[in-house]
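Quick heads-up: it's one chain on its own, the form predicted on its own, in C-alpha cells.
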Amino acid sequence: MKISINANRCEPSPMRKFHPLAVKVKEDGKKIYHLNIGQPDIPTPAAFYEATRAFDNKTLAYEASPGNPALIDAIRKYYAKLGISLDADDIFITTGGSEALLFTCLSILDPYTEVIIPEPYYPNYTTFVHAAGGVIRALHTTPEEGYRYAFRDRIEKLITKNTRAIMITNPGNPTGVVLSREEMRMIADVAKEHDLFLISDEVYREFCYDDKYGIPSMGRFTDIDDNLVIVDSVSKRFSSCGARVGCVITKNKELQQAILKFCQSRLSVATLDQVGATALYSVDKEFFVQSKAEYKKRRDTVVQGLRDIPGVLVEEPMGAFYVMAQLPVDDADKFQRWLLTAFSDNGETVMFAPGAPFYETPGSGINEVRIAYVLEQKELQRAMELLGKGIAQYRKEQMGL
C-alpha cells in the first residue's frame, strides 16, 4: 500500500511537533510556558455562549452548504463598516480560515502550478498548497530587513508561466509585519497586471499597533475584484479558535462556482458554531479596542525581554500577536528539545515554534523562532527570563561557548 505523493510532501506542524514530548514533561512535574501556539487567552465574548444556549431547534440539522444566511449577513455588515460592499454570494462559510485556504488552493491550483508566498510564512500554507499539487515559490526575507517583502522587482522576478497566485498574510503570521496602503496597492497592481489571484489572509486585521495602518484590507481595491480572495475567521478576532468558523470571500464568479463544489462536498460547517459566530459579530467595538491594547502591552514585554538577551536579533512587530526572533544558538529545533528534556529553572521551562519550517528556502530559519505572545504579562516576563537562562546554559553546555 502507498501514501499519496501530496501527503508525503507535507510536513508536521512546527507549532504542535513537540506536543507529545511536552505532555510527558508535564507528567514529570515540569511547568511549561507555551509560546508555541497562537491560542489567545482573552475570554471569548459571552454573546457566543448565550446564542448557542438559546438555540432550541428540535433537530440539529445541516446548515446550507455556503453557510448560515444570518452569519453571511452579519459578515456583510461587518465589511460594510470597513467600506467594502459584498453580496451574499461572495461569502462562503468554512471550517475555520484553514478550510478557506484549502478550498481556495484546491480551486485554483493544478499539479506543479505555483503560488508566490513571502517567507517566513504560516507553515500550514505548505500543507494547503501541496494538498492541491502546487508548488511554493518563496519570496525570501531576512531578520536584518525586518522581514519586509513588498518590493515589486523581487515579486515579479518570481513570476513564471506556471504562477497562479500571490498569497500574503496581513498583518503577518509569524512576523507581525503590516503592509502600508502603498505596499498593498503595489501588490494588488502586480496581481492585476499579471492576471494572478491575490489570496489575502486577513484574520489578524484588527491587531495593528500603529494607528496609521487603520484596519487594513485588500477588499478596498475594487479594481481587483476578479483577482482577490480574502480569507477571514472569527478565531483570532473574537478569541474563539475552538469555534472553527471562517470564510472565504471572492467576487470572481468562476471561482465562486468552484468553491461551492467543495462546500457542498463537505455538506456544511457545524450549525451551532455558526449560530454562536453570528452573535459574535454583534459584539461592541470596545472589545477590539481592549484586546488590541492588551496585546500591545504583551508585545512590548516580549520584545523588551528578547532585546535584554545578548545575541538575540528581533524587530518590533506591528501587528498580529507573534514575533520572529533570531537566537544565538546553532539549531532552534535542537534547542527546543533540550529546553524540554534537559533544562529546568525552579521546575519550569518554555516552548516556542522553531523557525525553519516557516521557510521554503532550505537552510533558512535554522536559529530563528516564532513566539506567540498570548500569555499574561507576568507569565511572559517569566518566559523571557527562562529563555534567556536557557540560551546561556545551552551555549555553554551544547555549543562550548
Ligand SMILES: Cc1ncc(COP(=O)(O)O)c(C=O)c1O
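Note that this is a predicted model, so its numbers are computed, not measured. Numbering starts at 1 and follows the sequence shown.
Form predicted together with the named molecule: not shown, discussed below.
Only one of G96, G146, G133, G305 lies close to the named molecule in the predicted complex, with a heavy atom inside 4.5 Å, and it is G96. A single residue from the set F238, F197, Y204, F92 has any heavy atom within 4.5 angstroms of the named molecule in the predicted complex; that residue is Y204. The closest heavy atom approach of Y125 to the named molecule in the predicted complex falls within 4.5 Å. Proximity of Y322 to the named molecule in the predicted complex: non-hydrogen atoms within 4.5 Å are present. At least one heavy atom of T169 is located within 4.5 Å of the named molecule in the predicted complex. In the predicted complex, no heavy atom of K251 sits within 4.5 Å of the named molecule. With the named molecule omitted here, the record of contacts in the predicted complex names 98 to 106 of 268 to 276, 98 to 106, 253 to 261, 212 to 220, defined by a heavy atom within 4.5 Å. Contact with the named molecule in the predicted complex holds for none of T175, S291 and K296, as no heavy atom of theirs lies within 4.5 Å.
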